[in-house]
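The chain below stands alone and is given as structure tokens, in the form predicted alone.
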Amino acid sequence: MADRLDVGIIGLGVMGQRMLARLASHGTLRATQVWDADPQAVARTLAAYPQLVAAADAQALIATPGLASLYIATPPGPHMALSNRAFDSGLAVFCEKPLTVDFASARQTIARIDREGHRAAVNFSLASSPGLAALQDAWAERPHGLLGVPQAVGIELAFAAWPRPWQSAAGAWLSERHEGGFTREVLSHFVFVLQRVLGRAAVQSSKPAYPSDGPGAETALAALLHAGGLPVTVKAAIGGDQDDVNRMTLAGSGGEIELREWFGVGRRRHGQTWTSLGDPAALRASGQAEQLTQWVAMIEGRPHGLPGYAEALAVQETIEALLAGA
């Protein structure tokens, strides 16, 4: 393992700032170069992290000698172009989701990754979480483990408002139908978990509700999918009294296991009380630390558990089918 791996960051909104804070205390990964199309975002970032260097533009950052990886934290539109420029420079790429809304470009990029052996992954935060591992273990133990015979999956989301208050500076795109909305931004994490554990999901029916203003993103979604031979119900809406409520439950004849509020994990046998697998804050810290460990492995060409672009595109295809309605 390398002593230090330098990272460039393109996109200094909410996700870029969160990653900068995480990298600040990491022993191997070190942010060195940054760029954003908004000069004020760059200025705020340099004030908070004066050791960083602001590149003249995205291409100049990607061409910086000594970089090991590029982290892309922009809206989805430029993801494929930035990824391909990074591959041209031999960089490993860690990209935010949604991966893209341009499936043709994504498929061309995935074909290039496969053909040329590029290193690339997408930031589904639950990929490195103890909750995903617990679901995988429970699924692997069927029908003799906690679940017994698996029967159904339920996913529930609720938001007091969209975007959520902490996303207010992310830009108008997040609240618009073309690239934004909670289905792409939040439900996609749970569709990733669903497809990582049970395999590809098929949309049986979907009823998204949209505002009448034209460009606005969805305000509610009710859907039925099938994955791994199980029915999967989705209920999501804006209008709760909490900023972000989420729950994914895998139920069986013997018991159930549940992801809740992102990194919380509970399990129970029928007739018994819920047992937590740990403090949610501690589970979050563990998952986030493991993600950075996996990022280092990806950069160094070693096996890792981060989702690649093909897996992320499969998630996005399911998400777009849900948004299209059926």
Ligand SMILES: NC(=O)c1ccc[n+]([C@@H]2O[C@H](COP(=O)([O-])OP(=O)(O)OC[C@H]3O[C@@H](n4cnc5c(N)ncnc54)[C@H](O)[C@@H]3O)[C@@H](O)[C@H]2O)c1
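Start at 1 with the first residue shown and count on from there. Everything quoted here is computed from the prediction, not taken from an experiment.
From this point on, the text means the form predicted in complex with the ligand, which you will not see here.
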Open item on the list: Between P150, P208, P98, P130, only one gets a heavy atom within 4.5 angstroms of the ligand in the model of the complex; which residue is that?
Closed with: P98
TODO: Identify which of N84, S105, Q167, T249 has a heavy atom within 4.5 Å of the ligand in the model of the complex; exactly one of them does.
DONE: Q167
TODO: Please check if S175 has a heavy atom lying within 4.5 Å of any heavy atom of the ligand in the model of the complex.
DONE: no
- [ ] With heavy atoms only and a cut-off of 4.5 Å, decide whether D38 touches the ligand in the model of the complex.
- [x] yes
- [ ] Evaluate S125 for contact with the ligand in the model of the complex, applying a 4.5 angstroms cut-off between non-hydrogen atoms, and reply yes or no.
- [x] yes
Open item on the list: When the contact criterion is heavy atoms within 4.5 Å, does A312 count as touching the ligand in the model of the complex?
Closed with: no
Task: Partner-proximal stretch of 273 to 281, 253 to 261, 48 to 56, 29 to 37 relative to the ligand in the model of the complex, 4.5 angstroms, heavy atom - done: 29 to 37
Task: Neighbours of the ligand in the model of the complex among 71 to 90 [non-hydrogen atom within 4.5 angstroms] - done: A73, T74, P75, P76, P78, H79
